[in-house]
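Taking the form predicted alone, here's one chain by itself in C-alpha coordinates.
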Amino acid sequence: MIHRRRATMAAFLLPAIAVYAVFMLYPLGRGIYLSMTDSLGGPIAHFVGTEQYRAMADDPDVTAALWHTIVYAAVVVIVQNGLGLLFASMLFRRPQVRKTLSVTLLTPTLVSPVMAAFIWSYLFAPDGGINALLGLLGLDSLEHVWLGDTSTALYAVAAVNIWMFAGYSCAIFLAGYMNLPTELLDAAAVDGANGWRRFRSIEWPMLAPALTVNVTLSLIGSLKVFEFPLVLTNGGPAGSTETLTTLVYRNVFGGGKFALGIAISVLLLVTVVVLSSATSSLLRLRERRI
(Lines give C-alpha, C1' and ligand atoms only; values in the text may rest on other atoms or scores of the structure.)
Protein backbone atom coordinates (compact mmCIF):
# COMPACT_ATOMS: atom_id res chain seq x y z
CA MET A 1 0.00 0.00 0.00
CA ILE A 2 2.81 2.37 0.97
CA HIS A 3 4.69 1.53 -2.22
CA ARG A 4 1.60 2.29 -4.30
CA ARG A 5 1.16 5.66 -2.61
CA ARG A 6 4.82 6.52 -3.20
CA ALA A 7 4.54 5.48 -6.82
CA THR A 8 1.43 7.64 -7.24
CA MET A 9 3.17 10.63 -5.65
CA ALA A 10 6.20 10.11 -7.90
CA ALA A 11 3.93 9.96 -10.96
CA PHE A 12 2.36 13.30 -10.02
CA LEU A 13 5.73 14.91 -9.32
CA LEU A 14 7.42 13.64 -12.47
CA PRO A 15 6.02 16.30 -14.88
CA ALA A 16 7.01 19.12 -12.53
CA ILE A 17 10.50 17.66 -12.09
CA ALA A 18 10.86 17.26 -15.85
CA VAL A 19 9.82 20.88 -16.50
CA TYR A 20 12.18 22.11 -13.77
CA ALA A 21 15.04 20.08 -15.20
CA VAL A 22 14.47 21.29 -18.77
CA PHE A 23 13.89 24.98 -18.06
CA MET A 24 16.03 25.49 -14.93
CA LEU A 25 18.71 22.86 -14.42
CA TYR A 26 19.74 22.41 -18.05
CA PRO A 27 20.20 26.18 -18.77
CA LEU A 28 22.11 26.52 -15.50
CA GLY A 29 24.40 23.58 -16.29
CA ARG A 30 24.84 24.77 -19.88
CA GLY A 31 25.74 28.26 -18.67
CA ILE A 32 28.35 26.94 -16.26
CA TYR A 33 29.83 24.78 -19.02
CA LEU A 34 29.98 27.72 -21.47
CA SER A 35 31.75 29.81 -18.82
CA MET A 36 34.55 27.24 -19.00
CA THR A 37 35.00 27.51 -22.75
CA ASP A 38 36.36 30.08 -25.21
CA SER A 39 32.95 30.42 -26.85
CA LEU A 40 32.26 33.56 -28.87
CA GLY A 41 28.55 32.81 -28.97
CA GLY A 42 28.71 30.54 -32.00
CA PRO A 43 28.56 26.75 -32.27
CA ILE A 44 32.34 26.30 -31.88
CA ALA A 45 33.65 26.24 -28.30
CA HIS A 46 36.71 24.69 -26.73
CA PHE A 47 36.91 23.73 -23.06
CA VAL A 48 39.45 25.97 -21.29
CA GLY A 49 38.74 25.12 -17.67
CA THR A 50 38.85 28.03 -15.24
CA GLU A 51 40.59 30.41 -17.65
CA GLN A 52 37.59 32.77 -17.84
CA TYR A 53 37.33 32.87 -14.05
CA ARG A 54 41.02 33.72 -13.74
CA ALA A 55 40.56 36.48 -16.33
CA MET A 56 37.52 37.67 -14.39
CA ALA A 57 39.48 37.78 -11.12
CA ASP A 58 42.21 39.91 -12.77
CA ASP A 59 39.73 42.28 -14.42
CA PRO A 60 39.34 45.54 -12.42
CA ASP A 61 36.05 46.23 -14.21
CA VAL A 62 34.53 43.08 -12.68
CA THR A 63 35.76 43.99 -9.19
CA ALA A 64 34.35 47.51 -9.55
CA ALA A 65 31.02 46.21 -10.88
CA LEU A 66 30.73 43.75 -7.98
CA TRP A 67 31.36 46.57 -5.51
CA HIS A 68 28.83 48.85 -7.22
CA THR A 69 26.25 46.04 -7.17
CA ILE A 70 26.71 45.45 -3.44
CA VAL A 71 26.62 49.18 -2.58
CA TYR A 72 23.55 49.66 -4.76
CA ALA A 73 21.78 46.71 -3.09
CA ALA A 74 22.66 47.94 0.41
CA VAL A 75 21.30 51.45 -0.29
CA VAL A 76 18.11 50.13 -1.87
CA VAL A 77 17.42 47.54 0.85
CA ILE A 78 17.95 49.98 3.73
CA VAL A 79 16.19 53.05 2.31
CA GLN A 80 13.37 51.24 0.49
CA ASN A 81 12.41 49.16 3.52
CA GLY A 82 12.85 52.11 5.88
CA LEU A 83 10.44 54.18 3.80
CA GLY A 84 8.08 51.22 3.39
CA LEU A 85 7.97 50.72 7.14
CA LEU A 86 7.43 54.43 7.76
CA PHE A 87 4.58 54.66 5.24
CA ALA A 88 2.97 51.45 6.58
CA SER A 89 3.12 52.76 10.14
CA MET A 90 1.48 56.03 9.10
CA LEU A 91 -1.23 54.29 7.08
CA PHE A 92 -1.98 51.84 9.89
CA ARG A 93 -2.68 54.76 12.21
CA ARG A 94 -4.88 56.56 9.66
CA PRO A 95 -7.50 54.08 8.42
CA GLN A 96 -9.57 56.87 6.83
CA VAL A 97 -6.91 57.46 4.12
CA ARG A 98 -5.34 54.00 4.08
CA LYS A 99 -6.97 52.72 0.91
CA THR A 100 -6.42 55.89 -1.13
CA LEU A 101 -2.77 56.35 -0.17
CA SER A 102 -1.98 52.63 -0.54
CA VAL A 103 -3.09 52.79 -4.17
CA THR A 104 -1.05 55.97 -4.67
CA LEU A 105 2.10 54.35 -3.26
CA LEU A 106 1.69 51.33 -5.54
CA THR A 107 1.13 53.44 -8.67
CA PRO A 108 4.87 53.66 -9.62
CA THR A 109 5.01 49.88 -9.83
CA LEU A 110 2.54 50.05 -12.73
CA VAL A 111 5.14 51.83 -14.85
CA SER A 112 7.66 49.68 -16.70
CA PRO A 113 11.24 50.02 -15.36
CA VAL A 114 12.49 51.27 -18.74
CA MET A 115 9.80 53.96 -18.91
CA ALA A 116 10.48 54.98 -15.30
CA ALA A 117 14.18 55.28 -16.08
CA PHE A 118 13.46 57.52 -19.09
CA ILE A 119 11.19 59.76 -17.01
CA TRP A 120 13.77 60.12 -14.25
CA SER A 121 16.58 60.78 -16.71
CA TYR A 122 14.75 64.02 -17.60
CA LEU A 123 14.11 64.83 -13.95
CA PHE A 124 17.80 64.32 -13.08
CA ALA A 125 19.04 66.39 -16.06
CA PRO A 126 21.00 69.57 -15.20
CA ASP A 127 18.00 71.67 -16.29
CA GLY A 128 15.48 69.03 -15.17
CA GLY A 129 12.79 68.88 -12.52
CA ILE A 130 14.98 68.09 -9.49
CA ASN A 131 17.26 71.09 -9.93
CA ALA A 132 14.29 73.31 -10.87
CA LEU A 133 12.53 72.30 -7.64
CA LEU A 134 15.65 73.01 -5.59
CA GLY A 135 15.89 76.42 -7.26
CA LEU A 136 12.26 77.22 -6.42
CA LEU A 137 12.91 76.27 -2.79
CA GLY A 138 15.93 78.56 -2.66
CA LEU A 139 18.33 75.63 -2.40
CA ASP A 140 20.41 76.55 -5.45
CA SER A 141 23.57 75.38 -3.71
CA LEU A 142 22.25 71.81 -3.79
CA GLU A 143 21.69 71.79 -7.56
CA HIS A 144 23.83 69.10 -9.11
CA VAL A 145 24.56 67.09 -12.23
CA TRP A 146 23.10 64.04 -10.54
CA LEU A 147 23.75 61.44 -13.22
CA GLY A 148 26.95 63.02 -14.51
CA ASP A 149 28.95 63.00 -11.28
CA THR A 150 30.69 59.81 -10.22
CA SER A 151 29.97 60.59 -6.55
CA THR A 152 26.17 60.78 -6.98
CA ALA A 153 25.28 58.77 -10.10
CA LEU A 154 24.95 55.37 -8.40
CA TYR A 155 22.78 56.81 -5.60
CA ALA A 156 20.61 58.68 -8.11
CA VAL A 157 20.00 55.41 -9.96
CA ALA A 158 19.22 53.70 -6.64
CA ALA A 159 16.72 56.47 -5.85
CA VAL A 160 14.69 55.55 -8.93
CA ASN A 161 14.64 51.90 -7.81
CA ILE A 162 13.47 53.01 -4.34
CA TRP A 163 10.79 55.32 -5.78
CA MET A 164 9.40 52.49 -7.86
CA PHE A 165 9.31 49.71 -5.25
CA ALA A 166 8.87 51.43 -1.88
CA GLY A 167 5.12 50.87 -2.35
CA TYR A 168 5.67 47.10 -2.47
CA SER A 169 7.58 47.20 0.81
CA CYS A 170 4.86 49.36 2.33
CA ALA A 171 2.16 46.89 1.24
CA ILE A 172 3.97 43.95 2.85
CA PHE A 173 4.63 45.85 6.09
CA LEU A 174 1.02 47.05 6.12
CA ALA A 175 -0.18 43.43 5.80
CA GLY A 176 2.00 42.65 8.84
CA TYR A 177 0.47 45.57 10.71
CA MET A 178 -3.06 44.37 9.93
CA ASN A 179 -2.23 41.01 11.52
CA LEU A 180 -1.13 42.55 14.83
CA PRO A 181 -3.51 41.44 17.62
CA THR A 182 -5.71 44.41 18.52
CA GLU A 183 -6.02 43.18 22.15
CA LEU A 184 -2.28 43.53 22.57
CA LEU A 185 -2.23 47.03 21.07
CA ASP A 186 -5.20 48.07 23.22
CA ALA A 187 -3.51 46.69 26.34
CA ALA A 188 -0.35 48.60 25.48
CA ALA A 189 -2.37 51.81 25.03
CA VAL A 190 -4.02 51.29 28.43
CA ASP A 191 -0.57 50.85 29.99
CA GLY A 192 0.54 54.11 28.42
CA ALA A 193 2.80 52.57 25.78
CA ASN A 194 2.32 54.77 22.72
CA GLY A 195 4.43 56.18 19.92
CA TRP A 196 8.05 55.07 19.81
CA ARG A 197 7.74 52.80 22.86
CA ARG A 198 4.87 50.84 21.33
CA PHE A 199 6.69 50.57 18.03
CA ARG A 200 9.93 49.36 19.62
CA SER A 201 8.38 46.89 22.09
CA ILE A 202 5.43 45.49 20.13
CA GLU A 203 5.23 46.47 16.47
CA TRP A 204 8.88 46.04 15.45
CA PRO A 205 9.28 42.53 16.95
CA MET A 206 5.94 41.33 15.58
CA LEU A 207 6.72 42.67 12.12
CA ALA A 208 9.72 40.33 11.89
CA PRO A 209 8.16 38.02 9.23
CA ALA A 210 7.26 41.02 7.04
CA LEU A 211 10.80 42.36 7.47
CA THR A 212 12.28 39.03 6.38
CA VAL A 213 10.15 38.94 3.23
CA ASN A 214 10.81 42.58 2.37
CA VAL A 215 14.56 42.46 2.89
CA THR A 216 14.97 39.20 0.99
CA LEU A 217 12.88 40.32 -1.99
CA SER A 218 14.44 43.78 -2.23
CA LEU A 219 17.95 42.32 -1.87
CA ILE A 220 17.43 39.83 -4.70
CA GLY A 221 15.78 42.44 -6.92
CA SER A 222 18.47 45.08 -6.37
CA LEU A 223 21.37 42.67 -6.90
CA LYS A 224 19.86 41.77 -10.29
CA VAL A 225 19.13 45.38 -11.31
CA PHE A 226 19.63 45.99 -15.02
CA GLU A 227 17.21 48.45 -16.62
CA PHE A 228 17.85 51.43 -14.36
CA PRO A 229 21.66 51.71 -14.70
CA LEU A 230 21.52 50.80 -18.39
CA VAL A 231 18.90 53.39 -19.39
CA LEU A 232 19.80 56.16 -16.94
CA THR A 233 23.60 56.16 -17.29
CA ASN A 234 24.62 53.23 -19.50
CA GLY A 235 27.11 52.32 -16.78
CA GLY A 236 28.71 55.79 -16.65
CA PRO A 237 30.09 58.19 -15.83
CA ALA A 238 33.52 56.52 -15.86
CA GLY A 239 31.93 53.18 -15.02
CA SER A 240 30.62 54.43 -11.65
CA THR A 241 27.20 52.79 -12.18
CA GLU A 242 28.41 49.64 -13.91
CA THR A 243 26.83 46.65 -12.18
CA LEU A 244 27.35 42.94 -12.78
CA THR A 245 24.24 42.69 -14.96
CA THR A 246 25.23 45.57 -17.25
CA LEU A 247 28.75 44.15 -17.45
CA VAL A 248 27.31 40.79 -18.52
CA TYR A 249 25.26 42.56 -21.19
CA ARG A 250 28.27 44.53 -22.43
CA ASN A 251 30.53 41.46 -22.67
CA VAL A 252 27.98 39.10 -24.18
CA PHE A 253 26.36 41.44 -26.71
CA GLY A 254 28.86 44.24 -27.24
CA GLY A 255 32.36 43.21 -26.27
CA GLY A 256 32.73 39.95 -28.16
CA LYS A 257 33.59 38.20 -24.89
CA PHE A 258 30.71 35.79 -24.68
CA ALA A 259 32.33 33.23 -22.38
CA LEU A 260 33.64 35.93 -20.01
CA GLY A 261 30.15 37.44 -19.86
CA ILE A 262 28.70 34.05 -18.95
CA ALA A 263 31.35 33.64 -16.25
CA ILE A 264 30.34 37.03 -14.80
CA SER A 265 26.70 35.92 -14.83
CA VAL A 266 27.73 32.84 -12.81
CA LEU A 267 29.46 35.19 -10.35
CA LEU A 268 26.22 37.19 -10.13
CA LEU A 269 24.22 34.02 -9.50
CA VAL A 270 26.58 32.95 -6.70
CA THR A 271 26.47 36.46 -5.20
CA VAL A 272 22.65 36.52 -5.20
CA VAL A 273 22.34 33.01 -3.75
CA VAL A 274 24.95 33.51 -1.02
CA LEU A 275 23.84 36.98 0.12
CA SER A 276 20.09 36.31 -0.05
CA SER A 277 20.39 32.91 1.66
CA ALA A 278 22.61 34.29 4.43
CA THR A 279 20.36 37.31 4.99
CA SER A 280 17.18 35.25 4.98
CA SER A 281 18.68 32.69 7.39
CA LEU A 282 19.79 35.40 9.82
CA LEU A 283 16.37 37.07 9.74
CA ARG A 284 14.58 33.73 10.21
CA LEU A 285 16.83 33.02 13.19
CA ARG A 286 15.88 36.45 14.57
CA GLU A 287 12.20 35.57 14.15
CA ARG A 288 12.60 32.40 16.20
CA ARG A 289 14.39 34.28 18.99
CA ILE A 290 11.64 36.88 19.34
Partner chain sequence: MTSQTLSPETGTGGAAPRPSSDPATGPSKNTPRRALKSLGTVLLCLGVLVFVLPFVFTVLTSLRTAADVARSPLGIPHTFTLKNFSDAFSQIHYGRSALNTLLITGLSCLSITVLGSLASYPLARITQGWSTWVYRLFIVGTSVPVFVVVAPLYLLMRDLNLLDNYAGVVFVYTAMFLPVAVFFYTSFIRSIPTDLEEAAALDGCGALRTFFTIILPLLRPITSTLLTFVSLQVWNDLIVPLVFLQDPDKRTVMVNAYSFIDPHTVQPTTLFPAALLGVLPLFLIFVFLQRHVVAGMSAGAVKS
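Positions refer to the first chain, counted from 1. These numbers come from a predicted model, not from an experiment. Rigid core: the largest C-alpha set superposing within 1.5 Å between the two forms.
One more form of this protein, predicted in complex with the partner chain, exists but is not displayed; see below.
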Using heavy atoms and a 4.5 Å limit, would one call residue 146 a contact residue for the partner chain in the predicted complex?
no
Although the partner isn't part of this model, could you tell me whether residue 122 comes within 4.5 Å of the partner chain in the predicted complex, counting any heavy atom of the residue?
yes
Report yes if any heavy atom of residue 13 sits within 4.5 Å of a heavy atom of the partner chain in the predicted complex; otherwise report no.
yes
With heavy atoms only and a cut-off of 4.5 Å, decide whether residue 238 touches the partner chain in the predicted complex.
no
Please identify the residue among 76, 171, 215, 153 with any heavy atom within 4.5 Å of the partner chain in the predicted complex.
171
Would you mind checking 120 to 149 for residues with a heavy atom within 4.5 Å of the partner chain in the predicted complex?
120, 121, 122, 123, 127, 129, 132, 133, 136
Could you check, with the core superposed, whether the Cα atom of residue 278 shifts 2 Å or more between this form and the one not shown?
no
